[in-house]
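Below you will find one chain, with nothing else, as structure tokens; this is the form predicted on its own, and questions on how it binds or moves follow later.
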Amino acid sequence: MFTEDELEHLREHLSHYPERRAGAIYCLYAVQDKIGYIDDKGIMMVTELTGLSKTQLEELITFFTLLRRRPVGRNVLRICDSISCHVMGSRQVLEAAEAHTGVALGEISRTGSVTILPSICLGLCNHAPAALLNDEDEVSRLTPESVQKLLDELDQQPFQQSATGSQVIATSGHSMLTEGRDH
């Protein structure tokens, strides 16, 4: 899964934390960046690196909503459902998105283009209802119609291997995790 250089980078990073749990988050993000989500093999690797149990790592993944334990579509659309966005209509936006994809929230759309996730507070209250696309691009003032249009656009995009995500492992200004990514 990881080259020896990448593993050494993770070990070095872990050495800066007095508490292994804090460094484990970085390692979990590295696994997710590498394959698109955190699989059992990745959990075992992080267990070996940190000395934390599988249960402890599962607790971390459950707590941090940006960590994923299951595969996702080529794009991830996080639609805020906190109070400001809720008041401005995020429930209707989520329902329209779910109806448009034909699958439940959190599932991969039939086309493979997107996974839609409800998300608690994206910090975009002044743009409510708001969303984040691929944890980077803000989508503001969503309506049921605008989310359907966005989903149509995502369906039309050709598959491209991309380097989206946090790209936690970087050496000399370039990422070591951009090769072999498919999600």
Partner chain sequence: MGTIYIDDKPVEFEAGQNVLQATLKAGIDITYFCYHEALGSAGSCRLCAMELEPTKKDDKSRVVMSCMQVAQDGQRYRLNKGSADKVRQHVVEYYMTRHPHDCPVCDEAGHCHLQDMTILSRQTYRRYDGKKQTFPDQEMGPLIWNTANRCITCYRCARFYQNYALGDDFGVYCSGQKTTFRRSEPGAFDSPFSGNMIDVCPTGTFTDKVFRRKYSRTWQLEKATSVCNHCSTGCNTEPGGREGTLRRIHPMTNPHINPHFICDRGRYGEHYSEASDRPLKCIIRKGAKNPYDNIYTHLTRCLKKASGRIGILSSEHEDLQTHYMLKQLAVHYKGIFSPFILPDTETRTRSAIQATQLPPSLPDIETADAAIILGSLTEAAPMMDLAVRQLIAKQKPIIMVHAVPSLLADLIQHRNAGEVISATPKNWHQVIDHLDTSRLSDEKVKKIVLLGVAGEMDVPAINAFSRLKEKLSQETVTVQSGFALEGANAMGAAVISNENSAHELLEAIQKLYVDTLIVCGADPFGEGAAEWEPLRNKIRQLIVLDNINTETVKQADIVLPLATWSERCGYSVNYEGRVQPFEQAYQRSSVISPTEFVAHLTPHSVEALYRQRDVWLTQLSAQLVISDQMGIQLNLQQLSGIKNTYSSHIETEGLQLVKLPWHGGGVRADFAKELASCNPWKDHYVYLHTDTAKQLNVTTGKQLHFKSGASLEVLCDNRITKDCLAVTPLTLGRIKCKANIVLPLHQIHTGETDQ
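This structure is a prediction, so every number in the text was calculated from the model and none was measured. Positions refer to the first chain, counted from 1.
As for the form predicted in complex with its partner chain, it is not shown, yet the points below apply to it.
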Interface check vs its partner chain in the predicted complex: of E145, E59, D152, E136, the one with a heavy atom inside 4.5 Å is E59
In the predicted complex, the residue from K41, R141, R70, K54 that sits within 4.5 Å of its partner chain by heavy atoms: K54
Using a 4.5 Å cut-off on heavy atoms, what residues in 63-81 are near its partner chain in the predicted complex? F63
